[in-house]
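The data below hold one chain only, encoded as structure tokens and taken in the form predicted alone.
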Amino acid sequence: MSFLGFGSRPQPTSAQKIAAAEQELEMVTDMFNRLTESCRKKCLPTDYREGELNKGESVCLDRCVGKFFEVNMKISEFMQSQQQNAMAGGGSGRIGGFGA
């Protein structure tokens, strides 16, 4: 612990922790909904013929979900690196080189 508490990070309050957990849950729910909607549109016919997935639908869904998460991870890594670069350079506050 630092002298008189200076230099240490302030601890989040219970309300801040709850708000962060709610925001994280909302983000995960949104990602799940986008994933299911996107892969359903790509892989499943609108007129259901069978109660079970056939092999083609199953393979399509598996690949779709894999690609969705792969792209999501790449975008997350890119955004984190851009944020770190902006903070390290003390730069203009722009992320990704967009804007004027």
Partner chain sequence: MKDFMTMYSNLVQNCFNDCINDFTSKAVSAKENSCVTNCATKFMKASERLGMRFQEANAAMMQGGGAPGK
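Numbering follows the first chain given and starts at 1. Just so we're on the same page, rigid core means the largest C-alpha set that superposes within 1.5 Å between forms. Because the structure is predicted, anything quoted here is derived from the model rather than measured.
Below, we turn to the form predicted in complex with the partner chain, even though it does not appear here.
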item: Partner proximity in the predicted bound form: V71 to the partner chain, non-hydrogen atom cutoff 4.5 Å; value: no
item: Partner contact for V28 in the predicted bound form: the partner chain, 4.5 angstroms, heavy atom; value: yes
item: Heavy atom of R40 within 4.5 Å of the partner chain in the predicted bound form; value: yes
item: E24, heavy atom within 4.5 angstroms of the partner chain in the predicted bound form; value: yes
item: Partner contacts for 50-70, taking the partner chain in the predicted bound form and a 4.5 Å heavy atom cut-off; value: E50, G51, E52, L53, E57, S58, L61, D62, V65, F69
item: Exceeds or equals 2 Å, Cα of Q16 between this form and the one not shown, core fit; value: no
